[in-house]
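Take a look at this one chain, the form predicted on its own, written out in structure tokens.
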């Protein structure tokens, strides 16, 4: 991986400090996604790389935003929910009460939705068992051998 740095003025006016930057290929490899995925998140407003001609230059903030976005997708967050969390992160990178409370609300909603889905799956499984049982009984009554599963 190539190490790119950009000079930035030091906060106290001393020597410039080095800031890490990334190319789209580096981020794609780092997070095991395609460059197309990264461009999609950029199009959705979740990433905002610097541009130099046709080249995208990603900074540490973009890397963190991509990390949050991918984590949100794994947890089943919608793009709107991810955008909300990312915007809160941008406003307060170390977190604050409002940001954390909203995150807990989103997680509670996700958990409740998963519980509903689990119950739906249990009910569907029971219905399938009932239909299978009736079908086997009818086949048996007809003198046919039901298939094994």
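Since the model is a prediction, treat every value here as computed from it, not as a measurement. Numbering follows the first chain given and starts at 1.
The discussion below concerns the form predicted together with the DNA, not included here.
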ask   = All three of 75, 110 and 117 touching the DNA in the model of the complex at 4.5 Å, heavy atom to heavy atom?
value = no
request  = Would you check, heavy atoms only and a 4.5 Å threshold, whether residue 65 touches the DNA in the model of the complex?
outcome  = no
ask   = Within a 4.5 Å heavy atom cut-off, is residue 99 in contact with the DNA in the model of the complex?
value = no
ask   = Does residue 122 reach the DNA in the model of the complex if we count a contact as any heavy atom within 4.5 Å?
value = no
ask   = Using 4.5 Å between non-hydrogen atoms, is residue 25 touching the DNA in the model of the complex?
value = yes
task = Select from 97 to 114 the residues with a non-hydrogen atom within 4.5 Å of the DNA in the model of the complex and write them out in sequence order.
result = none
